[in-house]
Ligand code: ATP
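Just one chain is shown here, as structure tokens, and it is the form predicted alone.
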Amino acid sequence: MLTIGLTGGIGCGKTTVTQLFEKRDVPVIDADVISHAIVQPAQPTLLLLKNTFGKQVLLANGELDRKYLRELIFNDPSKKETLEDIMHPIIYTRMHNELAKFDSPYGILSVPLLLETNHQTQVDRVLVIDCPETDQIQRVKTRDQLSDQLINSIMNAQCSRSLRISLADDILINNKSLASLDTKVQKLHEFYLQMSAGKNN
């Protein structure tokens, strides 16, 4: 199966684009969904986090205390690195395993931090969803009601727009209507189908 790594900065419209691919029966595995699933109560990853960071990372009901963990790693880069060293290999292994269950010409791994984690080497093509930074900020403000300061800190934690574009095989610019976006997705869909037919010949 041809594997497409889909990524983009916050507010660029990754979810909308993946939904348009799913409408065309393309399997999409989302890193955010997987990262939530593996830290549910009784999951081995949650036990690993408890053993690494202490039982304070759990709420009274046994669920992960995301707020505590977020503050813990925000104030300590070494703890952030430890968390990533635990989570990323598990997430990626699960994502590739899930995708392998589908019988499809191509599939998509949707990963916000694809390039930051250097995982572009494990996919066949990198698809970057891009839009002007002013659009990103406006969309995130409308969607998540976050302050400019918090949005900027999230954007600064991600790799730069120029680096994303330089590492992309395909770029989908999401700055117009949904209908325009749908047309662009259709063109890419046809291109990936052709490419996967060539790969399997």
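For every residue, the number given is its place in the sequence shown, counted from 1. Note that the structure is a prediction, hence the values are computed from the model and not measured. For clarity, a rigid core is taken as the largest C-alpha set superposing within 1.5 Å between two forms.
Same protein, other form: the form predicted together with adenosine-5'-triphosphate (ATP), not shown, and the subject of what follows.
Taking 50, 176, 36, 66 one by one, only a single residue has any non-hydrogen atom within 4.5 Å of adenosine-5'-triphosphate (ATP) in the predicted complex, and it is 176. Proximity of residue 16 to adenosine-5'-triphosphate (ATP) in the predicted complex: non-hydrogen atoms within 4.5 Å are present. Among heavy atoms of residue 164, none comes within 4.5 Å of adenosine-5'-triphosphate (ATP) in the predicted complex. Contact check for residue 143: a heavy atom falls within 4.5 Å of adenosine-5'-triphosphate (ATP) in the predicted complex. Residue contact check for residue 10: one or more of its heavy atoms lie within 4.5 Å of adenosine-5'-triphosphate (ATP) in the predicted complex. Only one of 66-74, 168-176, 36-44, 51-59 lies within 4.5 Å of adenosine-5'-triphosphate (ATP) in the predicted complex by heavy atoms, and it is 168-176.
Of all the residues from 18-50, none has a non-hydrogen atom no more than 4.5 Å from adenosine-5'-triphosphate (ATP) in the predicted complex. Relative to the superposed core, residue 61 undergoes a Cα shift smaller than 2 Å between this form and the one not shown. In a rigid-core overlay of the protein, residue 141 has its C-alpha displaced by at least 2 Å between this form and the one not shown.
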